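A single chain comes next, written as structure tokens; it is the form predicted on its own.
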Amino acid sequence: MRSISLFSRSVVRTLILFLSLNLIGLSVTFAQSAAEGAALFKQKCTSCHALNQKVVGPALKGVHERREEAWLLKWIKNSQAMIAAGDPEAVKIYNEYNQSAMTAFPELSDDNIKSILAYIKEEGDKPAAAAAGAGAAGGEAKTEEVSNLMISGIILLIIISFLVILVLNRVITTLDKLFKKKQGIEEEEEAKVAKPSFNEQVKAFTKNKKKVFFVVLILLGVLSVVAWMGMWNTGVHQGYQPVQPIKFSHQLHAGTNQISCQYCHGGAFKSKNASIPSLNVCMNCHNYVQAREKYNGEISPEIAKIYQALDYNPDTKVYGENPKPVEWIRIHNLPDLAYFNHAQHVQVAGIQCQKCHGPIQNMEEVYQYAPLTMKWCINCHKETEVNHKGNAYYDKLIAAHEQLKKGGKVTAAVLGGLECGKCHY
């Protein structure tokens, strides 16, 4: 009869372990769905989309209400295939956005896309003010919190599960006693064994070679993972956000005022470097715009820093003879062995700034959005489709090939050999 008691207890322990593991897995699934969706949205979507405003593509808030999930799965994986197949909704969107096809994401699984849609739904259901605040603080919020409703549901499920376990344990104990009583068997008193001291437990553990080996193996595994992750992330500065000498707000200039990126960073369109604008570019506007209405008639402190650096008197509008450079802190740094040409990506490939720099129009203070690792660049090159139609670069390349076919002469200059970036970093 004692074996029945032991069996019933083992059943209860198994149920507890099984339910606990399932609850942990369920809670992790819920949490990871929102977190994974947020991470994928930032990585894949923010270069062309925002939740509450149109960027390159439409605002994504409420997209689950406008389109069926099955349609969205196909569209996100390969919109161009749907357009080619003549899907009416796909063709309509394609024409609405000047026949600019959405980038295909065949590497995303159905679960990845569902996580992105779950994140969009969760963020879209938040009040507009809260969503705007979250967008403004995008540089600080690196992880997404699980909604209160989800947390409450998980806690309620855990409480109900433990109540069920307690009831089952009580029923099994009662049935065991009734069975023993019916059989006329008296319940044996369990011998009370004194609990060993801590020192005795340690000695017993050290004598057990299997346990010691298992613990050492786990420690080596954990330390190896930590060391590997540390080495893997060496030189990766994702999220780097230094304090600049002037608090320039991209959210105000590029977002609210919608100033083109190339107005300040003209080099991105025609040279290797995007270039930091000189203060005379700032003065094109701030010779007149001084934001006095926000500071009780005084000049904005940040605009005053520009005047101070230029030794400029805003009252007399006269420049002095003691200007000083503004010592901006570089945020995006590539190793010396890497060559990156802004013009080749912006002018030739037609890539938007947000592809690498993230939602720059929403950043109060700029931070490094992408990891800028070799793997990240290679994945982008694998996914980005080359648009060669009407592109002067490829037109010249094709013309050079035709010239070679005819036995003509093609110089390095024809293939871009006179560009400064070919020799000068």
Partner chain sequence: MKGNMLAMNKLRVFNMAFLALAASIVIASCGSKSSPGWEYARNMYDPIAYNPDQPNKNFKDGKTAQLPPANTTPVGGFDKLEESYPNTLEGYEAAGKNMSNPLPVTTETLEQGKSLYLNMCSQCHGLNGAGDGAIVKMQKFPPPPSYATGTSSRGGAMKDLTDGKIFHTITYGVNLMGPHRYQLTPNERWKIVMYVHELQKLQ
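Numbering follows the first chain given and starts at 1. C-alpha atoms forming the largest set that superposes within 1.5 Å between two forms make up the rigid core. Small disclaimer: the values here were computed from a predicted structure and weren't measured.
This next part talks about the form predicted together with the partner chain, which is not shown.
With the partner omitted from this view, the residue of Thr206, Gln308, Ser260, Asn95 that lies near the partner chain in the predicted bound form is Ser260 [heavy atom within 4.5 Å]. Taking a 4.5 Å heavy atom cutoff to the partner chain in the predicted bound form, the contact residue among Gly297, Gly230, Gly320, Gly86 is Gly230. Contact check for His237: a non-hydrogen atom falls within 4.5 Å of the partner chain in the predicted bound form. Although the partner is absent from this view, Phe214 stays clear of the partner chain in the predicted bound form, with no non-hydrogen atom inside 4.5 angstroms. In the predicted bound form, the partner chain sits beyond 4.5 Å of every heavy atom of Trp71. In the predicted bound form, Arg330 approaches the partner chain with a heavy atom inside 4.5 Å.
Residues with any non-hydrogen atom within 4.5 angstroms of the partner chain in the predicted bound form fall in just one of 86 to 94, 240 to 248, 216 to 224, 112 to 120: 240 to 248. In the predicted bound form, the partner chain lies within 4.5 angstroms of at least one heavy atom of each of the following residues of 329 to 345: Arg330, Asn333, Leu334, Pro335, Asp336, Leu337, in sequence order. Relative to the superposed core, Gly350 undergoes a C-alpha shift smaller than 2 Å between the shown form and the other one. Core-superposed comparison between the shown form and the other one: CA of Phe41 displaced by 2 Å or more. After superposition on the rigid core, the Cα of Asn78 moves by 2 Å or more between the shown form and the other one.
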